[in-house]
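Presented below, as structure tokens, is a lone chain in the form predicted on its own.
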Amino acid sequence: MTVRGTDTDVLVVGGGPVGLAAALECRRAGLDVVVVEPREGAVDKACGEGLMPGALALLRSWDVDPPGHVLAGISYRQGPRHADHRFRGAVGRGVRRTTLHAALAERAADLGATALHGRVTALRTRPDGTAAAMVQSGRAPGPPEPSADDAATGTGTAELTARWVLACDGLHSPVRRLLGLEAAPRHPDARRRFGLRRHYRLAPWDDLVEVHWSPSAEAYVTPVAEDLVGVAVLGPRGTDLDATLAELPELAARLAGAAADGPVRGAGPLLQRSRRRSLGPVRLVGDASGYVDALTGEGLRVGFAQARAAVATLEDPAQYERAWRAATRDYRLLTSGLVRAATSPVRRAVVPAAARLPGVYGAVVERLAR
């Protein structure tokens, strides 16, 4: 049901998990959708790869059920101290990011979403309120026809029009920059944190996500298959994955002799802000709309919820803003508070406090997991 005078109802910029979730919501709503993504194949990134119970429930609502390893809860660990909380009710799942992406992409294709390998280089609102995006791609639909040189190199630029645009293009969103919606972090130095991740080929030793606290960084251990664990490290600029592991004897002993499976991937700075989430027919969704930190581990749950809210409120940008605030409120408040503690002199007290107050710790985990 393409809107008259446009190539598609919805243009999704960014074909990662949140972009594909948005495409699934569009198809469920009967909307034509084109997903533009510059990277080919299964898209990988530095992340913890743990799907909280709420994220897994949303995936299943789209008939997406990727294989992985059960996640029964969260364990904070610092030397001999630890605070464990097992989820009440439904459990989560550790899923390798490339496995998750492939499952979402397959489902989106099954439902008729169009995937376009390309990059949005310009974006404007047309007089009728619809959007026009310049897409650099060898397969961009519509005029202008590629030149002979373009045909030879497999590249070309074409204008793609849509009633709405959902910018799901990540932490350093090009669309957010193109539209002037970038906002400077309020605390650019104290909370400028980065992430690293590497996989190790060994059998998981637990069904909990372990969060090991070193003096300056946190190491997340997530089982993602019967013979594979992912280790993600979060810390200030200059954090080194191997150096952090050397500060964590318990974890270093577990990983000793295990073969690395793939390279170290990095991301950051993690703290990103947007001035607003809507401008004309464009909505910022997921990390593109703003991000606090990966410390609490529920980024995909929040991103999926935003995707659902964005599609449900396409006609009303003010309603999307309200829905965005509701979907991200717990994440923003609780994650901001924990990051402030983690980057302050009270850092060493976080795990002991969680161990002494298991009820409070468990309530926070449950609130973020659902």
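All values reported here derive from a predicted model rather than from experimental measurement. So that there is no doubt, residue numbering starts at 1 and follows the sequence shown.
Omitted here: the form predicted together with a small molecule. The next part is about that form.
Taking the partner from elsewhere, every residue among V18, C47 and L300 has a non-hydrogen atom within 4.5 angstroms of the small molecule in the predicted bound form. For the chain shown alone, D287 is a contact residue for the small molecule in the predicted bound form, at least one non-hydrogen atom being within 4.5 angstroms.
In the predicted bound form, at least one heavy atom of P38 sits within 4.5 Å of a heavy atom of the small molecule. Contact annotation for A22: none of its heavy atoms lies within 4.5 Å of the small molecule in the predicted bound form. Although the partner is absent here, A342 lies well away from the small molecule in the predicted bound form, with no heavy atom inside 4.5 Å.
Of the listed positions (A108, V221, A217, V120), a single one reaches within 4.5 angstroms of the small molecule by any non-hydrogen atom in the predicted bound form, namely V120. Scanning A294, A162, I74, V229 against the small molecule in the predicted bound form with a 4.5 Å heavy atom cut-off leaves one residue, A294. Residues with any non-hydrogen atom within 4.5 angstroms of the small molecule in the predicted bound form fall in just one of 195 to 203, 125 to 133, 236 to 244, 79 to 87: 195 to 203.
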